[in-house]
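Below you will find one chain, with nothing else, as structure tokens; this is the form predicted alone, and questions on how it binds or moves follow later.
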């Protein structure tokens, strides 16, 4: 945080955002009412979809809400890098949908294969059809496999991206454990935009933490197509403090970081990457994070633009391409809101309030949004970025002076608190979205 905006003030601002949502969209519809024919189908049970489903039922219990999700359990991407660092187990990331069911949400484990906007119908691989008055699509991200020659979904099973927490996270962790001391870990961050902008920096930090304690002769080589990356100043300062990194040369110790030279090809047989500049480098463990786009169902439903993302109206998250369909989370074009878990949670609440209002013949309430992203560089060294957003002149914008970064000057007690804030946020967002 900046000196002008303390964490306590940010928490107050976040509470104000919630209070505004309650005043604008929650209270008028929290009375229950007679059970009618209003139906909402939510596609995707990640942070955004789960939050939207839960809050619709909390705002108006008479609305029939069905959430369709392929997986019986959800694993959070946030804090999953700690599994790679060795300080967290996969089971701590696991969430069931029992909490949503307790709120009256009907949870269906199936894969959505189509959304008919004309008939207002969602179809699944299992052969079922679900009629809706409003549909909320929260499909997460998919990957642009075609941009890296030799790297596709089948290759990713053994050369994992691990950008969706689950089996690939475990695979990458086991590969790090099996690697020789003195081995090379290659990490290829993706181009913008992508899910969790600080994620690659945190992943490098966590892998460096593991190597420092277990395989100190090893090296991480990062090849990034971008000119810079989220929280760069804080990350490189932390890498210098913990892992022998030199910010001037962007190399040294456990980490070498190359900017504007992303991976363009991969030979899975030899574990060799080719960068844009023509360099060929062999790794012992290779972690390629591909360029991203909206989840596949968004494209199949005609909700994406030429760049693969979903244009929306910022006050309701209704698609600008199909009526009565809303898109939230990573798939939506909601800049300057980042593609993050907390942003998805905030979008889910804004969307829920809008949907409840519209289904009850009222105008959507005026929204505000909030986001915080935590990253852990090393034990007791957490950092964060935070911001509150508003909706002005038809656009989402940042509220001036409402947020900021962790101060660069290192304060051991403050950084340890940042890590504890991260863990507290983790438990709270799980309860708020799925509990």
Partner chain sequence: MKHVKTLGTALIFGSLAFSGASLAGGASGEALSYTCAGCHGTNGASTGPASPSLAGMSAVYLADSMRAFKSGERESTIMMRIAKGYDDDDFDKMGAFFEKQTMHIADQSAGGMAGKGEKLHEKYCDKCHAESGMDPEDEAGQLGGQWTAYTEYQLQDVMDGTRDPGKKMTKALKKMHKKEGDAGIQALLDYYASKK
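Computed from a predicted structure; not experimentally measured. Numbering follows the first chain given and starts at 1.
Form predicted together with the partner chain: not shown, discussed below.
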{"property": "In the predicted complex, residue 266 touching the partner chain (heavy atom, 4.5 Å)", "result": "no"}
{"property": "Residue 138, heavy atom within 4.5 angstroms of the partner chain in the predicted complex", "result": "no"}
{"property": "Touches the partner chain in the predicted complex: residue 366 (any heavy atom, 4.5 Å)", "result": "yes"}
{"property": "The partner chain contact at residue 402 in the predicted complex, heavy atom, 4.5 Å", "result": "yes"}
{"property": "385, 417 and 421 each touching the partner chain in the predicted complex (heavy atom, 4.5 Å)", "result": "yes"}
{"property": "Candidate stretches 286-294, 342-350, 314-322, 254-262 - the one whose heavy atoms come within 4.5 Å of the partner chain in the predicted complex", "result": "342-350"}
{"property": "Contact residue in the predicted complex, chosen from 377, 65, 68, 59 - any heavy atom within 4.5 Å of the partner chain", "result": "59"}
